[in-house]
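Two forms of the same protein chain are encoded below as structure tokens; each is given separately, as structure 1 and structure 2.
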Structure 1
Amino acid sequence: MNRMPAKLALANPKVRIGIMVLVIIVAIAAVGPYTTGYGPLDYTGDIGAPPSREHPLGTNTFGYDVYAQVVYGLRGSLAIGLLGGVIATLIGVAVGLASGYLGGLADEMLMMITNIFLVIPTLALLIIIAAYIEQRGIGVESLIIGLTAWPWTARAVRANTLSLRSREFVYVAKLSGLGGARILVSEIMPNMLSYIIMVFILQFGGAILYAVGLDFLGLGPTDSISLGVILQQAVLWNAIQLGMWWWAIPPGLLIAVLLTALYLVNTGLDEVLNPRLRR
């Protein structure tokens, strides 16, 4: 319908600000490790030092440079968000499309499974899964998050499919003899693309939050660093009580800012697509 959807979306101030912040954060993750001479687990010789020119975010109890940990950890967190978000979105969209389009018994079965997993608290489920995996990398963590975070997406996509299914152009496609799978892919999917992008943005943020929660409980990646792992270490070693705010506050602040930016983009896109929300 619209020939320049990207331009239209960027006309919205929320989308613009959100994307700007996201670009900055991605840039930090991409370039950050080259701006510091330290690796995330390099002993610097300073222990628990406050922020200085040498250590922009100070050092922690083990003498690690917090800035180096944060820029490397950010990479890990973004990777988990991206992977976990993609998996959750794919499963959610597939289940939702199938359920909404097939209808009948298949719909009832799929929705029953969806509603059951919607009620079971995701983090609690993730905890018992992760606890039984001894070697956890970023890939495994993304996978289990993706496998547990999809239900709300399935429900939302199903509702969307139901409303699209009864539109004229779908009837026309049916009349012209197209098969069910073909109609789903070539008629219904394209009309939902913008919606699926919004879903992915939320799943991306959700995956980061779940990962941070798991990391914080000590169930994060065993072989690499992430923002959640930094926070876990900070709380475990009493960074707050020792007054080392530079160790405990910045990693979480970065997550909060990143998620705020994602929400802004999502809401902005919502306003572009649903003019009723604009004001």
Structure 2
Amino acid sequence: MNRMPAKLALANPKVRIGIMVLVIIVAIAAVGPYTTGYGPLDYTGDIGAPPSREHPLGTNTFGYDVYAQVVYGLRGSLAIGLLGGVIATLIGVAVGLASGYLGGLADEMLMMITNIFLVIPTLALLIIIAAYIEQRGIGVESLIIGLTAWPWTARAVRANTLSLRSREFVYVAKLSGLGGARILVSEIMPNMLSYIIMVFILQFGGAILYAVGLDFLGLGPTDSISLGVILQQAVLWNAIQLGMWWWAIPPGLLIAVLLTALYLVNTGLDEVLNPRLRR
């Protein structure tokens, strides 16, 4: 796979729009907590109050400021997506590169392990693991997701590695005396870097979705907050039925916008890299 020039990628309107939205979301997560006088679990004295100047997104049944919860929760969700996506991508890329390049028994063993993880329902495995860990923070949830979300990445990277290892530049590198690890790092990986970026984007969004699923089941962070936790509490305490739309809609809308932005970037990059989709 060819390298992807940044200018060519940014020329795609989907990539530009997606990146702009992501920058805005990251800016909200970075600056938002400094624009509120409350922490995510600070009692404000107002219970179920609608949006006002003091509480831009109102308060919930517990008297917590929803705006404060959302901006802190956005930080948590982005952290889960980033950490979980990085872990899953690193494991998947490492296993896929080793399996595709080494071949033989090593390939069979690594793919056997990968296939075992693939046939196990990921969400069910996440639920079992999370249920046995009483204290769960953002880091623990990210680790759980990352350690279970890598198999499809490994298979995809292996397929690309099998294709690249038979190219002339790899044979030249072997004749030059380069070792296998050096060839993987300096010759094969740079030629699939753009694909790895796309894989990470998918893993980033997938980690956020998996986290929301765990949060809805009550298996999310126990010592921190995320958008999924806010949604779970809003649903559990009948926010919509009670007319407190400001409790349920903002976190759900942010998750939808975030995932849409990631989708736009990913499809835009696919259009740039795939000759059949390139306009």
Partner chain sequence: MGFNSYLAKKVVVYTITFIVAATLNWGIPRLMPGDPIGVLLSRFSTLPQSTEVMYSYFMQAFGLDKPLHEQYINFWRALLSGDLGVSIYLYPRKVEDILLDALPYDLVLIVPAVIVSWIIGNWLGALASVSRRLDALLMPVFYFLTSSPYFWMAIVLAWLLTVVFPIFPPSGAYSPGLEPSLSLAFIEDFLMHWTLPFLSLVLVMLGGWAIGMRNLIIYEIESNYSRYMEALGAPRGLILRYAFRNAMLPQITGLALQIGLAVAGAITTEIVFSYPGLGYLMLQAIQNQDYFLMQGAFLVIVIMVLVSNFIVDIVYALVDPRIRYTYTGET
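All residue numbers here follow the sequence of structure 1, with the first residue given the number 1. In this text, rigid core is short for the largest set of C-alphas that superpose within 1.5 Å between two forms. As the structure is a computational prediction, the values presented were derived from the model and not from experiment.
- Of the two forms shown, structure 1 is the one predicted together with the partner chain, while structure 2 is not.
- Taking 2 Å as the criterion, residue 218 does not count as shifted between structure 1 and structure 2: its C-alpha moves by less than this amount when the rigid core is aligned.
- In the core-superposed comparison between structure 1 and structure 2, residue 49 has its Cα shifted by at least 2 Å.
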